[in-house]
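Shown next as C-alpha cells: one chain only, the form predicted on its own.
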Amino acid sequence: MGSVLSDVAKVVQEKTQVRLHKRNIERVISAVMTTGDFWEIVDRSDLPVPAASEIVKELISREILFVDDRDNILLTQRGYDVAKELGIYEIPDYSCQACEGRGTPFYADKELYRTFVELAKDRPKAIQDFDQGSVTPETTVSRVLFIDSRGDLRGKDVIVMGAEDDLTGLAIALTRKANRVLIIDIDQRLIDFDNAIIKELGIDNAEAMVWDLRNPYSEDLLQKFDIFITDPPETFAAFRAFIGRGIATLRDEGCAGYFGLTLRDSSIFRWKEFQETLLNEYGVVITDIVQDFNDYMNWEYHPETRAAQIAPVKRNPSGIWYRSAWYRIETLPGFKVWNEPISDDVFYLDEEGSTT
C-alpha cells in the first residue's frame, strides 16, 4: 500500500513537471481529513496549485477521494482505509490566533494600524497584468513592526520595490521612523496613490516613482540603501529582477532585505534553488523565515487565472488560502551587486505558477 503515494507522486510529476515526493501526497490526504475546500487543501498541503490539483484528480481516479455535489473534496471508504494503513492523520493547527501565527501582533501599534486601514481602503484594485494581489492590512502593519524589531527601520534608508499593491512602503513612511523611503513600482496608479498621501500628510522623507524591475537600476539607486523590501513573482527571471536587484541597492555588509516566497506558486525544490542562489551566488545569509506570515486577500480576477481553470472544483476561494513566508536576508562581506537586464519572456508564469 505504501507504494500508492510514490506512484501518485511519480504520475503527477510527469503530468505537471512539478517535482514531488510521497510526503507531498500524504500532506494532501491529511489536508482533506481537515477540510473539503480545495483552496484550503492547497493552503494546508503547502504545494503549488498545479501539483495539488493534479494530486487530487489522481486520488479521485484511484477512488481514494471523491467530490460531492457541493464541490467538497472528501475521502472515500477506501481513502480512510489507505490513511489508516499508512498512518496518515489530520494535521492540527496550533498557531496563535492573536498574532495570526506571525509572532508579531499588528495591534502592537494601534495608531499605525488604524491610520493605515483608513488610508488603504481607497487603494487601487489589484490587476492581473502585474500579478498583483494585496496582503491584509494586518499583514502589512506586522511587516513594518517585524522590520522595526530587527533594527532595520529607525534611521535607515529604505527602498520598497515592486510590492506596493501591499502598500508596505506607505506604511513605513507613515511611521516617520526611517531616514528615507523610496517606493518604486511598475503601476502608475499605485505611485500616484502613494505620492498623493505623502504630500497630503507632509511626509518629506518619502517619495514614489515608476520603475520596471526588468530594467537595470541607474547609478543613483545602486548601493544607496540599508534595507530593501519586495514581494516577487516566483519565476527565476522575476527572482533575479526583484531579489538580485534589491541586493544591488544595499550599500554595505550587514544590510538587510525582506521578501515573501510562497509554496502556492513554488515547490520546496525551487525554494532550495532560490536559497542556493542567495547563499552561493549573491553572498547573503538567510536570517529569518517565518512561514505563513503574509496573508493575501482574494483577488477579483481569480476566475481568469490558470489556478481556477485547472482546479478540480469550480468553487472559488472564500477565505484566506494564499499565504507566503517572510524572509529576511543579510549581506556578508563581498556580497554580489547584480544589475543585469531581464529579457526572459517567462516572467510571471511557469510550470509551478498559476495565480496570475
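What you see is a predicted model, and the numbers here were worked out from it, not measured in a lab. Note that residue numbering follows the sequence shown and begins at 1.
Keep in mind the form predicted in complex with another copy of the chain is missing from the figure; the text below concerns it.
- Residue in contact with another copy of the chain in the predicted bound form (any heavy atom within 4.5 Å), chosen from N72, T115, T76, Q275: Q275.
- Though another copy of the chain is absent from this view, in the predicted bound form it lies within 4.5 Å of a heavy atom of just one residue from A237, L279, A120, L221, which is L279.
- Heavy atoms within 4.5 Å of another copy of the chain in the predicted bound form are found in exactly one of 190 to 198, 239 to 247, 94 to 102, 160 to 168, that being 94 to 102.
- Heavy atoms of L145 reach within 4.5 Å of another copy of the chain in the predicted bound form, making it an interface residue.
- Using a 4.5 Å cutoff between non-hydrogen atoms, R150 counts as a contact of another copy of the chain in the predicted bound form.
- At the 4.5 Å threshold, heavy atoms of C255 reach another copy of the chain in the predicted bound form.
- Interface membership of R214, defined by any non-hydrogen atom within 4.5 Å of another copy of the chain in the predicted bound form, is ruled out.
- Annotated contacts: M33, S61 and M297 are all free of another copy of the chain in the predicted bound form [non-hydrogen atom within 4.5 angstroms].
- Using a 4.5 Å cut-off on any heavy atom, the residues of 61 to 91 that reach another copy of the chain in the predicted bound form are, in sequence order, G87, Y89, E90, I91.
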